[in-house]
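Quick setup: one chain, the form predicted alone, written in structure tokens, and binding and motion questions come after.
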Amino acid sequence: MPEKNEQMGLSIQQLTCERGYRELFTQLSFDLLPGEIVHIKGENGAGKTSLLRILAGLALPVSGNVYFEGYDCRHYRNEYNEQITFMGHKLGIKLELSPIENIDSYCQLGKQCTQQHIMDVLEQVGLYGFEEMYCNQLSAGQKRRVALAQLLLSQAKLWILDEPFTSLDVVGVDYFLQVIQQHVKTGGMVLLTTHQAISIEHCVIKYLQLPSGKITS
């Protein structure tokens, strides 16, 4: 593996994506540096989710390259996967398990967390008193909070978030924004889509408008 350069962050070069026989975007290029947020915007069907799925390794582009910390992600997929976490429309939780069981299963994937740490995180995201209830009995917002707890336990540098505030109330959205702020303040990176206007103090937020691919600060 080539020597990493953590300051280079994520670099997207000449990415082209098609869905069916329709081209969603072509030759899309942008950079996401440590301590930054890129907010992807566009109309429904513009390719926002498709772009995130490509960057999360769940889909392939027609052409183009993705680099992370200076290396080509196609050739170092496992190393890249260790550095990212993806929260999509499907939250990645098992409805037949409780929040605490879901988080415990998540930790068994290699995360270092004690039982007390799990309980503390569930309390932080507002699930105190719901830790042992089956997730299929939780509200949509509470299910998203389980996924948020997993995000908090993640050691990934790059967070890829597809409409992360869906189903959250005002308090939940404000808390999630604080979590994002803390992540980027410590050198993390966030790539997200949301129909909501977001404002996070002391953070660099870039806007990527699809399908034009024009990036502004």
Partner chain sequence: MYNAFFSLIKRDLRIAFRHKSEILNPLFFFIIVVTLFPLGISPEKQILAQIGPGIIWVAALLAAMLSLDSLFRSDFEDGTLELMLLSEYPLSILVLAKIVVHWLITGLPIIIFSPLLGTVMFLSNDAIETLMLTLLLGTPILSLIGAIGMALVVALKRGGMLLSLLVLPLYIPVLIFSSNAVGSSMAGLSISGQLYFLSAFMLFCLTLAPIATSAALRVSLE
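Positions refer to the first chain, counted from 1. It should be emphasised that the depicted structure is a prediction, and the values quoted were computed from it without experimental measurement.
Although not depicted, the form predicted in complex with the partner chain is the subject of the following passage.
- Within 4.5 Å of the partner chain in the model of the complex, a heavy atom is found for none of D120, L161 and A197.
- Residue in contact with the partner chain in the model of the complex (any heavy atom within 4.5 Å), chosen from V179, A56, V66, A46: A56.
- Proximity to the partner chain in the model of the complex, taken as a non-hydrogen atom within 4.5 angstroms, holds for one residue of L138, L97, C113, C73, which is L97.
- Partner contacts here mean any heavy atom within 4.5 Å of the partner chain in the model of the complex, and among 168-176, 27-35, 181-189, 58-66 they occur only in 58-66.
- Interface residue remark: G129 is not counted as part of the site for the partner chain in the model of the complex, having no heavy atom within 4.5 Å.
- Under a 4.5 angstroms non-hydrogen atom cutoff, the partner chain in the model of the complex lacks V125 among its neighbouring residues.
- Of all the residues from 67-94, those having a non-hydrogen atom no more than 4.5 Å from the partner chain in the model of the complex are R77, N78, N81, E82, I84, F86, K90, L91, G92, I93, K94.
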